[in-house]
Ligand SMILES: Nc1nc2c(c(=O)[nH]1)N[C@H]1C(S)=C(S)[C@@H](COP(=O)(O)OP(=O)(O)OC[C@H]3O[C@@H](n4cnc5c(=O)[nH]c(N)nc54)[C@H](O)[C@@H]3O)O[C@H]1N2
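Next comes just one chain, in structure tokens: the form predicted on its own.
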């Protein structure tokens, strides 16, 4: 019998980033459990971590490239796949220009240093304005507010839950997500600890979520009204003289502008729009202001609505005005060991962030963070003219399911001259590709989180080595991206990935270190790929050894050596203002002009009557991404793609629990409908129905056997791809008016 080997890894399947202890015997996973010694997650694990075994062993997971021959995707060698790409991609560029090639990147890339660290190489080589990511489906308002107020897209304040006395959660469900743009494994345990020391948890949500069920108080709110609630709370702070920013006051610009901007948004004025009474709105503002250690946190529900950026900004405004920003127990800024731009360069001042450096060709939607709204992708493929997308590269993404009106996008993909996908599955999007390049299993790859230490509840550094060797011929993801970059940049296939990596890395080091570049290159000479990027980032980061300047500082070897012990604990969050700021003024720009101007939409919309029925999404702990529906340990149990309907609405509409209903929406492009299973639930606010995202696995040409057996309905087929938050370009996925009628017994 083969010996059992223990490996320690960070789970890459959601933002919680839990530490895992994986036991293997030969090439098989024997068990997966939480790593009790992990300095960040302390043994916590959810079902997704256990599902890594299913993912690694899934017979549907791609292990060979696919190339389209006579209209059918068939297995091919890597050489054949690269030959197809090297012939057809440059032909599109030469015939139609660089903007004729688009790039779409999905959220799994955020969990992979081999993708996130190298996608910028590919983007630069493409030279195209047509770049899209999943950020405009869930989080771009958060980046816009952080960029405008604090000077960098990733300067995101997160609740210091370990020391809080009050946490108000708006439009988020961290019991299920364990944080979103807030990396906080075992939120439930931390919330209970907050309550045990006398603190309170208040949840505001159109559904009595798993987090709301844990809370001391839950308030229903009408979907899409978050900005109005927050405006009423800000108004209360000024009206009742509760504005006390504390030590941040010398670092603020725009407080008087905020006071003027919220006139007309008294709680009595906004209450009908919110579905909360004025007394509750005032009470929430007073509680936040008067509790010494408190913060307000909002996420996907607040971002994916028509006032997403305004709502996110007002959360920051409230935390600032009540003195809870950058204060222990409030909303604080993590200090990551590596890759955080707000720890580099001159502290306390910077260039800020640019908005709308260009706009999309058809709708004129603004660029943010170098990308365009993914809702514009279909029209950019369909519409003739200079800059029309004729070829597409997709990386770890499935927008046919995840973006609004996937049916239109699917039809548009079939019109492309050429499409390349890099993915682990033949899914609803990659089935349209001409070449599909498989990615390795997560257990065959090293792991270090790039973005999530910048969002973490506690500072830390953790590293994972591969558990298994990659399959025969399977390149690392960074190698695949570099070869794509070489082809896209006109260099063909002559150079190896290693040669390209040396070249790119050398350019970066010389630009960053100047006269010290040769010494840095010599110190990293034995490394390649993500390990070398990580060595550079750690040693030059805020805890690093500075390449010999700080003897006890971090290096890659030190972080690697700490893996079995659960990583390196870098301590609780600490105040970072003004050091963190990268605004031109060196202050927190509390009242940016674009946000003040957008308040006029709120004024015009204040008296809007609510629709009789609106739809919102939801998330399940076993269903973070659409491909997880193909993993047995996550797919088992009751059907989770149901429409949660309040019993009053079910009675009014003639709907029966366990029966099918047709749900309709009316968009600027016509009526749309889906058929979904009804589940009556008093956890819903009357007038609101909830359907989870990521379902609809009934499309031909996929290779997702388990998911297609219980396909569910795609909520996004109801949604309007033209409906976006104007400042961030984020898709509006919630608060959309729908109609429902019964179809009969399921």
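Numbering follows the first chain given and starts at 1. Please read all numbers here as calculations on a predicted model, not as lab measurements.
The same protein also exists as the form predicted in complex with the ligand; that form is not shown, yet it is the one meant from here on.
Student: Should residue 621 be classed as touching the ligand in the model of the complex when contacts are defined as heavy atoms within 4.5 Å?
Tutor: The answer is yes: residue 621 has a heavy atom within 4.5 Å of the ligand.
Student: Answer yes if any heavy atom of residue 738 is within 4.5 Å of a heavy atom of the ligand in the model of the complex; otherwise answer no.
Tutor: Contact check for residue 738: no, nothing within 4.5 Å of the ligand in the model of the complex.
Student: Does residue 147 reach the ligand in the model of the complex, with heavy atoms at most 4.5 Å apart?
Tutor: Result no; residue 147 lies far from the ligand in the model of the complex.
Student: In the model of the complex, does residue 595 have a heavy atom within 4.5 Å of the ligand?
Tutor: Residue 595 lies outside the contact set for the ligand.
Student: Kindly indicate whether 131, 391 and 706 are, all three, within 4.5 angstroms of the ligand in the model of the complex, using heavy atoms.
Tutor: Verified in the model of the complex; spot residues all out of contact, no.
Student: If you check 402, 319, 480, 155 against the ligand in the model of the complex, which one has a heavy atom within 4.5 Å?
Tutor: Result of the distance check: 402.
Student: From the list 610, 272, 553, 617, which entry has a heavy atom within 4.5 Å of the ligand in the model of the complex?
Tutor: Checking each option against the ligand in the model of the complex, the one that comes within 4.5 Å is 617.
Student: I need the one stretch from 516 to 524, 136 to 144, 635 to 643, 346 to 354 whose residues put non-hydrogen atoms within 4.5 angstroms of the ligand in the model of the complex.
Tutor: Going through the listed ranges, the match is 136 to 144.
Student: Scan 187 to 217 and note down the residues that get a heavy atom within 4.5 Å of the ligand in the model of the complex; none is a fine answer too.
Tutor: Residues within 4.5 Å: 204, 205, 206, 207, 209.
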